[in-house]
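Listed next as structure tokens is one chain, alone, in the form predicted on its own.
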């Protein structure tokens, strides 16, 4: 079985890398990191014009209809470039939830706007610290009206469309949770930006007060939909993490070849070689798991739950490892604001928590493997 990308997909990757190298150099990332803008609006417009936002959205809803393999390719390049845009919240979460559970009318209303860059979307799941769990959801929905608080919500302060997980019953079962679609323009939402580790990917606290919403998917099916959305997002985020891992490795390698100490490049010293070799091993292992996840996602294979958890775990570990050791290879300079190492370290740790912690996904993998083995 060949898990590698096709020639067309590799060409798409080259196009995306060229585009991001021109439109999203580190200086552009720093504008958002150091400034007051929540994201790079010009880059977001460019994403839409290049067709990146709608690459996995069917053509009948304004997308390119290419598929999830192509989206994985784009995600990796987004991770390499640290693109400061609401790509993951809009494409991995909101669009995937709509494609999985939305009615035709909901898809017609929102997917073309997402593909064109007109609408930014997100998923409001968490209600404070902790991992995804139906028991942690307290926000209530009564007769299509939402009341409660969600935080943190990725790109919540700039979203036009919010998919909200809400409690509709109190039986103690997963069926207590349902999903709702909220048009921010309808009102009833107060957004407060939160301070977080990576300001280039904003987080917000959303307060819903008598907020009118429409159901997304069948009543009581919210948690099963969320689980599937998180699995899909885990694979796509893992590709972002692999892209960042590879770039951190390249930065460390290039510095080790250029930095001269005791009359020779520091990359010639065995201790530095060991660090770089370990980075390469972790990044390559993560890529292998990501390719398996991409296959499972693109074919909707029954192995997707295990493949998604495996990709998420290995990519999270690899990115944190490579980002940390990139700083180590740079020595004291790696800790300075002027060098770009800290930007990858920030993103690595922010992505590690976005869909649930590493331990959460490790538990998910073990539980899923046990259930499959017992079947």
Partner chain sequence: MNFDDTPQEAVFRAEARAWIVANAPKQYEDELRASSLGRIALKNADILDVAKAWQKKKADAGWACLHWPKDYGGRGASPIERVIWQQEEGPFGKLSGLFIIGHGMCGPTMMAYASEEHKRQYLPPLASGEKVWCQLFSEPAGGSDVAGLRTRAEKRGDEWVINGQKIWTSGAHYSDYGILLTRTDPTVPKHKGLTMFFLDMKSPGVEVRPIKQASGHSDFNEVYFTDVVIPDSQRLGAVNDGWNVALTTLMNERMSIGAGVATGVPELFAFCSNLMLDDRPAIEDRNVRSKLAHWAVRASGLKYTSLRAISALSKGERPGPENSIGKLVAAPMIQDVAAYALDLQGAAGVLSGPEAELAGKFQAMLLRAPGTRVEGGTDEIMRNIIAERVLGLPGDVRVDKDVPFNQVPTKGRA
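Remember, predicted model here, so these are calculated numbers, not experimental data. Residue numbers count along the first chain shown, from 1.
As for the form predicted in complex with the partner chain, it is not shown, yet the points below apply to it.
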Checklist entry - Out of the stretches listed (183-191, 141-149, 97-105, 247-255), which one is close to the partner chain in the predicted complex, meaning heavy atoms within 4.5 Å? => result 247-255
Item to check | Contact at 2, 268 and 369 by the partner chain in the predicted complex, all three, heavy atom at most 4.5 Å | outcome: yes
Checklist entry - Which one of 288, 207, 227, 196 is close to the partner chain in the predicted complex, taking close to mean a heavy atom within 4.5 Å? => result 288
Next on the checklist: I'd like to check something about residue 349: if you look in the predicted complex, is any of its heavy atoms closer than or equal to 4.5 Å to a heavy atom of the partner chain?
Outcome noted: no
Checklist entry - residue 11: heavy atom within 4.5 Å of the partner chain in the predicted complex? => result no
Checklist entry - With the cut-off set at 4.5 Å between non-hydrogen atoms, does residue 173 touch the partner chain in the predicted complex? => result no
Checklist entry - For residue 284, is any heavy atom within 4.5 Å of the partner chain in the predicted complex, or not? => result yes
Checklist entry - Judged by heavy atom distances of 4.5 Å or less, which residues of 339-375 approach the partner chain in the predicted complex? => result 359, 362, 363, 365, 366, 367, 369, 370, 373
